[in-house]
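Only one chain is included here, represented as structure tokens and corresponding to the form predicted on its own.
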């Protein structure tokens, strides 16, 4: 699924680069891609001249990111490390970045205290006036356009999704069933349960500010349009003091 989104990440990374440049961080700036998965955005940013470190808790993702970096000629401008975001301050102790990016709804899988801890640790890794760019799902829009089920067809799989939202906790609970194509039909490959905290904009602002960041602005996409419940995505930009 991530491989299929690799090319899509190129346009998103150009938008990211425009956002970074608008804040004074052009090519050559040091960027931390937190929860980078297979390095989709890190690699495209490296191609645009940024020095990128990507971390993810999955060794398989990090291995693939390294392979893709070689394939795209940016192994010298990118580094990929296995690290749990909950211990990122320890994993990258002593290093400093101009910007931290966290893409594709990678925050919210634990509790709010853990999310706050991750943001505080990232602050210790960010230079003064450096920025944090969070791209995630937008609770208000997701609730407005909520669909309790869905179907996707990544490569040779059929993915069935069953979803519900707990309005008391603002958590999205989803069950994913992966069916792999086998002959004329499909066979069960895996079932996964996902529990994720959906944040409203004001909650994200509070979460960042409690962790020591200064809120700057928010957008609905990398065309830098203002947030709207017409779209399910939210980009939040905060600054280190």
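Positions refer to the first chain, counted from 1. All values reported here derive from a predicted model rather than from experimental measurement.
Another form exists, predicted in complex with a small molecule; not displayed. Remarks below refer to it.
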Would you point out which of 98-106, 69-77, 160-168, 137-145 contains residues with a non-hydrogen atom within 4.5 Å of the small molecule in the predicted bound form?
98-106
Quick one: of 85, 119, 125, 131, which gets a non-hydrogen atom within 4.5 angstroms of the small molecule in the predicted bound form?
85
Can you check whether residue 44 is within 4.5 Å of the small molecule in the predicted bound form, heavy atom basis?
no
Partner proximity in the predicted bound form: residue 172 to the small molecule, non-hydrogen atom cutoff 4.5 Å
no
Residue-level contact is defined here as any heavy atom of the residue lying within 4.5 Å of the small molecule in the predicted bound form; does residue 36 satisfy this criterion?
yes
Does residue 177 reach the small molecule in the predicted bound form, with heavy atoms at most 4.5 Å apart?
no
Look at the candidate spot formed by 40, 57 and 61 and say whether the small molecule comes within 4.5 Å of a heavy atom in all three of them in the predicted bound form.
yes
